[in-house]
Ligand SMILES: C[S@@+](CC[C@H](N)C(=O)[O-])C[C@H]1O[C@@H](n2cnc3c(N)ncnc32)[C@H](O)[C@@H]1O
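One chain comes next, on its own, written as structure tokens: the form predicted alone.
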């Protein structure tokens, strides 16, 4: 269990019936089961080799976790599942997974590798609201973990773009990154420079508000 998986586990509630989608090694599902952090937990993956690895780890851990070889929700038959974890894949993959969402799913916990504004917008369009967002740093890389719940609530375009994390180090990192990027862009690229400067101004505003 690394820091990212532990942070995801903190978003799980006792009454949740969890599907760890794209489970890979199933360490998270095993951790949830062994520590009785939810009512039940399932694990799925599109890769048969990854799922076999997960099954071996589940057996070694001496816990009972039902597994599915499935592309997204395609082969998931347990209608009692209400919470889905998706971690370690990109937003484009998540979009393809969420083409259809079973009506019994009321919560998603997602950590995408990229394109977070698009992810937040996608989930809002699907009727899920960003109720909480955490950003952690592991091995000098930042990961955002977002808890979405089924509701008609909406976020502003500003929040969809920049999120809700209170990790000030993350925003300082973004400022440093954008400043470095700005130095590499020629003065002739007026629109690109203007966009970056606007983003820097926005991030500084968030940093000030959340201190």
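Bear in mind that the values here come from a model prediction, so they are computed numbers and not experimental data. Residue numbers count along the first chain shown, from 1.
What follows is about the form predicted in complex with this ligand, which we do not show.
Asker: Quick one: is residue 132 in contact with this ligand in the predicted bound form, heavy atoms, 4.5 Å cut-off?
Answerer: No, residue 132 is distant from the partner.
Asker: Taking heavy atoms only, is residue 17 within 4.5 angstroms of this ligand in the predicted bound form?
Answerer: Result no; residue 17 lies far from this ligand in the predicted bound form.
Asker: Taking this ligand as it sits in the predicted bound form, is residue 151 near enough to touch it, meaning that at least one heavy atom pair lies within 4.5 angstroms?
Answerer: No, residue 151 is distant from the partner.
Asker: Does this ligand get within 4.5 angstroms of any non-hydrogen atom of residue 56 in the predicted bound form?
Answerer: Flag for residue 56 set to no.
Asker: With this ligand left out of view, which of 121, 91, 87, 82 would have a heavy atom within 4.5 Å of it in the predicted bound form?
Answerer: When this ligand is considered in the predicted bound form, the option within 4.5 Å is 87.
Asker: Which of these residues, 166, 47, 35, 172, gets a heavy atom within 4.5 Å of this ligand in the predicted bound form?
Answerer: The residue in contact is 47.
Asker: Using a 4.5 Å heavy atom cut-off, indicate which stretch of 156 to 164, 35 to 43, 22 to 30, 59 to 67 touches this ligand in the predicted bound form.
Answerer: It is the stretch 22 to 30.
Asker: Relative to this ligand in the predicted bound form, which residues of 1 to 16 have a heavy atom no more than 4.5 Å away?
Answerer: Stretch hits, in order: 4, 5.
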